[in-house]
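Single chain ahead, by itself, as structure tokens, in the form predicted on its own.
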């Protein structure tokens, strides 16, 4: 789903970069247990800050960032060309940004060691299909780690779903409940390792188990 002008301004803002660095990246990217020289995917790469942070935390052979919005891909590429001051010592030569729909990706099966999302899931109407795609693209034992806005309690989600959907759609989003997210992850084959709430965010880590 392409973002509104207001959402793009927020994603490009110093405040969003600060939240990624201080709140989200330490919880999404720490203690993953993946091997060295990993190949990683940043889904909904936005401004490109997430890809830089992946390289800051991990020893990656390659980081691929994808976004369905060509404007955001351009923004991410500009971020690599002129990184913020805090990121000037972070490797950039192994990062590639592509304009691609994460719900129907062209990447082959079992391609990535880890897939990351930073507050993107509620922007995607077909988010359940995205989770299935992530499972397909991950290697066995691969990690799916992401942050998301606070999820709705199940009782509120089911009681007020029509109104909630209409309200979210006004801002280009999709409401997601805790139970629905957990069920979708497990139904796709993931084993949930962590499901943590912190301030206004939820942090989830799941793995693709082998046969």
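Just so it is clear, the structure is predicted and the values come from calculations on it, not from any experiment. Residue numbers count along the first chain shown, from 1.
FYI, the form predicted in complex with a small molecule isn't displayed, but the following is about it.
Chemist: Considering the small molecule in the predicted bound form, which of 90, 137, 80, 124 comes within 4.5 Å of it through any heavy atom?
Modeler: By the 4.5 Å heavy-atom cutoff, the listed residue in contact is 124.
Chemist: Which of 34, 68, 185, 60 has a heavy atom within 4.5 Å of the small molecule in the predicted bound form?
Modeler: If I apply the 4.5 Å criterion carefully, the residue I get is 68.
Chemist: Okay, which stretch from 176-184, 26-34, 42-50, 138-146 lines the small molecule in the predicted bound form, with non-hydrogen atoms inside 4.5 Å?
Modeler: The contacting stretch here is 42-50.
Chemist: In the predicted bound form, do 114, 198 and 204 all put a heavy atom within 4.5 Å of the small molecule?
Modeler: Heavy-atom distance to the small molecule in the predicted bound form: none of the three under 4.5 Å.
Chemist: Give a yes or no for residue 101: in the predicted bound form, does one of its heavy atoms lie within 4.5 Å of a heavy atom belonging to the small molecule?
Modeler: It does: once the small molecule is placed as it appears in the predicted bound form, residue 101 has a heavy atom within 4.5 Å of it.
Chemist: Does the small molecule come within 4.5 Å of any heavy atom of residue 76 in the predicted bound form?
Modeler: No, residue 76 stays farther than 4.5 Å from the small molecule in the predicted bound form.
Chemist: Is there any non-hydrogen atom of residue 16 lying within 4.5 Å of the small molecule in the predicted bound form?
Modeler: Looking in the predicted bound form, residue contacts with the small molecule include residue 16, since a heavy atom lies within 4.5 Å.
Chemist: Looking in the predicted bound form, any heavy atom of residue 72 within 4.5 Å of the small molecule?
Modeler: Within the cut-off, so yes.
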